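As structure tokens, one chain now follows by itself in the form predicted on its own.
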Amino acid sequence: MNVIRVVVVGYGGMGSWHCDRIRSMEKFELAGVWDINPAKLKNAREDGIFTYGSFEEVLADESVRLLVIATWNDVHEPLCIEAMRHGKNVISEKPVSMSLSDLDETIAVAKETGRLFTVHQNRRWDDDYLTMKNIRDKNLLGKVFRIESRVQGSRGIPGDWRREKGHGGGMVLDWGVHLLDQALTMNDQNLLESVFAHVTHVTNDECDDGFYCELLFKDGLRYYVEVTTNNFITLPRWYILGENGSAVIEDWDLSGKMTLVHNWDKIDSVPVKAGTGITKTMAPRTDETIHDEPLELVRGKWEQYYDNIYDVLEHGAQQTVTWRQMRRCLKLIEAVFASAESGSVIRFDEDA
């Protein structure tokens, strides 16, 4: 088995995360790291990792086949392009680029050089996402007409470069890129028709500290995505509505359930008191017409991402995160910003 030597560029949170995992894999060897911050290089050496003196030194190391770019968002594109022009294969941290035009330029260089170029969309392997995708794929609730996906925090934007617009900060490009990629991957063959979004600046004037958006797909599915950083009562991570039932995942611990209808014909109900009045329409169903079922949990194996990278480089396999998917996600991000700025619905042209 050929072992692929890897350099991680950027030794922050995600860079060190990649390093830890690469060091545990048989198919890959961590050659070292490079960072513009001397303190980060010192941290790497203390962690027993070789450090390069410059990016040029990384590019000159002919034993290295793969670079992981885990830097500020605004330099993903130039570093990827330079690396590929020097014969290196590259994984970019998300977001893969700051604009669709930048991404298209990077893809053009990948085609020109024949190098691997992809992005690390690790949350396609999250258990909560895969569990909800399984419910949809298996039609366990009947036709699904609404999906709600939320990540909520209460500490604002982290106090580093993620607060700076020039470096690609903000929650749309941080957590948003994950949730939007999940929405598109769950609907890979379902055309997206329109986007309506609003971004928030509760704790930060320079960057968005949260956003809300609703995606309308061709089959009528409405997919709601929310990221907040100033929310002190957390709503469910996932909520999905189908013709024959509903499902919920409360949090990362996968607590939740499915509630299914097994007797649609019995719709009579006893009115219940509601505020200063009564309601029959909103009266709860009885146990003889619905029942709860535990979630059919699906466990993800994140290692499959790097397994695919190895198969692409060694066996010519198709990369899991494709250029089409990368373009679609970045185009959606641009539509979110455009909708928020204009306050209007943005029509999404899948062919553009």
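Numbers for residues come from their place in the sequence shown, where the first is 1. Computed from a predicted model, the values in this text were never measured in an experiment.
Just so you know, the form predicted together with a small molecule exists too; it's not on screen, but the next bit is about it.
Partner proximity in the predicted complex, defined as non-hydrogen atoms within 4.5 angstroms of the small molecule, places exactly one of 213 to 221, 250 to 258, 105 to 113, 158 to 166 at the interface: 158 to 166.
Listed residues Gln304, Asn37, Thr286, Thr322 were compared with the small molecule in the predicted complex; Asn37 is the one with a heavy atom within 4.5 Å. The partner is absent here; in the predicted complex, the one residue of Val75, Val151, Ile81, Val199 having a heavy atom within 4.5 Å of the small molecule is Val75. In the predicted complex, the small molecule sits within 4.5 Å of a heavy atom of Val9.
At least one heavy atom of Met14 is located within 4.5 Å of the small molecule in the predicted complex.
At the 4.5 Å threshold, heavy atoms of Ser97 stay clear of the small molecule in the predicted complex, well away from it. The small molecule in the predicted complex comes within 4.5 Å of no heavy atom belonging to Thr229.
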